[in-house]
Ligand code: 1GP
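Encoded as structure tokens, the following chain is the form predicted on its own, with no partner shown.
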């Protein structure tokens, strides 16, 4: 569902159900896919209930299905453009939906709290098994500045120059059998994950590398891609535009450089 080796860094749009209605989320998701985003993550806030997450997933899936059907009626259109996965990025075991295509099954590896290392996973696993959601085993590592997720997740933040530690975390993730490592600077972070940490993480493992938080400009997108990110996640910028045309222009400016 998320893979490396395509030769090109891809973009992922994060939709936080707690910060927009399902209807607005669906419209923003369609704009993002039209601009070339490769997947939609749904989640983020730690206190969002499953009913809101579920309604958002349903709205996005229905919008994508309608767009694909409309595209199929035009011989020159590419209906596969709309065939992108909707993946849960859960704030906890309470934020689930069977209407997603998959879920980042995450361990917040540098949390100092057992809750985020194993307890939330223990609560969520029976639901995931019952619904058959495809899991993406993910080592989630919060880097400075960390933002709210670092604070709530009680993360021992990785500093920009702590390359030996990030290398060890990534090697550990691969040895655990995780397919993916996600370096997170925090939603709306003042600065992105340091390029040296990205380079070190990429060279330390063969896992798919996701990078997110604080990336707002085409230059930052290019730098993260060159450093080794397989996927770059943006979310906060999607919430900044009420005008969908302005959102399209902003996302195009970011995604087109990859």
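What you see is a predicted model; the values in this text were computed from it and never measured. Numbering follows the first chain given and starts at 1.
Quick note: we don't show the form predicted together with the named molecule, though the next part is all about it.
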{"item": "Residue contact check: residue 20 to the named molecule in the model of the complex, 4.5 Å heavy atom", "value": "no"}
{"item": "Contact flag, residue 140 vs the named molecule in the model of the complex, heavy atom cut 4.5 Å", "value": "yes"}
{"item": "Contact test in the model of the complex: residue 178 vs the named molecule, heavy atoms, 4.5 Å", "value": "no"}
{"item": "In the model of the complex, residue 14 touching the named molecule (heavy atom, 4.5 Å)", "value": "yes"}
{"item": "The named molecule: the contacting residue among 209, 221, 29, 233 in the model of the complex [heavy atom, 4.5 Å]", "value": "233"}
{"item": "Segment assignment from 130-138, 101-109, 79-87, 178-186: heavy atom within 4.5 Å of the named molecule in the model of the complex", "value": "178-186"}
